[in-house]
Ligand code: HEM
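We begin with a single chain expressed as structure tokens, specifically the form predicted on its own.
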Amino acid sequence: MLSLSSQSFRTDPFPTYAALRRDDPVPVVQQPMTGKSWMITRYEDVASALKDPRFTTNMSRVRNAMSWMESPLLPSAFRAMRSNMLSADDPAHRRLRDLVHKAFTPRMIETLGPRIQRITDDLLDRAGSRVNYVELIEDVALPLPLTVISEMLGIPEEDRARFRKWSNAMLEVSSAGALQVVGFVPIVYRMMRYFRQLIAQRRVQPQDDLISELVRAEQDGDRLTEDEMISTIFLLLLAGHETTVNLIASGMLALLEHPDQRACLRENLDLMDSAVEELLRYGSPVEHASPRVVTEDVELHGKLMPKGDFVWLALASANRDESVFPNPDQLDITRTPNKHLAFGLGIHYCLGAPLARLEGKIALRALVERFPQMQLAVPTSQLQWRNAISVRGLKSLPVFLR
């Protein structure tokens, strides 16, 4: 049985995905969080499941969907952290999504362009002035989106570093078993206490930020509970920077590994939109969509997934499906059409997709323009990938700028 958390799979899952698409498109897999589960690997099947109400993210709908996430032994804080739009079906999902949607419309995101450009320029000025060797994630790929989403929410600058530690820990939960989860309990309680304090502050002194908007919605009679507010704030902070960190870092790695594509992009920066779409497809910053539970027996390719079973939707596999993308393992920044599933599909399509695209375009353009001689500071084989199953991201990306 395939282990989604094995180090060999985390390092390079794509050959395994290709074999599964060909020979066993709906395999049984082992994963600490959900135990024995199913994984859907082909593009059309993943796209269909993302829109199929029989595959729900709301675990409470199916009573026999038991994992440590649903266990009565689990501290209530963990269950409270699931009170967000990602873990809800309509109409509850629509209610929560509508509260924050207006801040993530393409028109609103475009107004952030100048601010994102200034942050990027400042980060690259600092990185370029210090030394030739930099750690691209810590110096650029992480602080850019974390600063942007923190400013949107109203998270004070002095608190952002500790939030990064919290979010890293929470992502590691996806590859942890029941006993290991105990170690995360203090982190969850610290996060919840911090967010409760922010909410209390905004009730007294509202500001022009998303947290104040959530508080106002509650006060206007929207029946938004405090747990829902806390969980939504955490989701926005987490999703608001994780995808972009991995897009910038993995995208830059792909360009470094394909110098012909990097040269092509530098010579024709009008290809940046197309390049970002291809880097999203090629690298799949979100490797698996949020785990689903089947609400009734579902048969697919001769496999019966019983009601209550967990299902993983492999976005990274779907984005390399040879039946949809010619030469899927080849990076082609001119690829068209490019209907990748990097941001999902259906009601849970990533709310922050316009923001991630804009941040990715600005950061990658600046890196390609300013540091044309950039190269990896270590062999590719020495790069390490994070243990989190839901996202595909590097732990670090050391480079020489020139």
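The numbering used is simple: start at 1 and walk along the sequence shown. These figures come from a predicted structure and were not determined experimentally.
What comes next is about the form predicted together with the named molecule, which is not displayed.
- Taking the partner from the other structure, the named molecule in the model of the complex has a heavy atom within 4.5 Å of a heavy atom of F104.
- At the 4.5 Å threshold, heavy atoms of P328 stay clear of the named molecule in the model of the complex, well away from it.
- Proximity of W38 to the named molecule in the model of the complex falls outside the 4.5 Å heavy atom cutoff.
- At a distance threshold of 4.5 angstroms between non-hydrogen atoms, P27 is out of contact with the named molecule in the model of the complex.
- Contact annotation for the candidate site: L247, S290 and I347 all lie close to the named molecule in the model of the complex (heavy atom within 4.5 Å).
- With the partner omitted from this view, the residue of A318, L280, V311, L144 that lies near the named molecule in the model of the complex is L280 [heavy atom within 4.5 Å].
- Contact with the named molecule in the model of the complex, defined as a heavy atom within 4.5 Å, holds for exactly one of L367, V46, A342, I333, namely A342.
- Of the candidate stretches 238 to 246, 261 to 269, 126 to 134, 296 to 304, only 238 to 246 has residues whose heavy atoms lie within 4.5 Å of the named molecule in the model of the complex.
- Residues of 272 to 286 placing a heavy atom within 4.5 Å of the named molecule in the model of the complex, in sequence order: L280, P285, V286.
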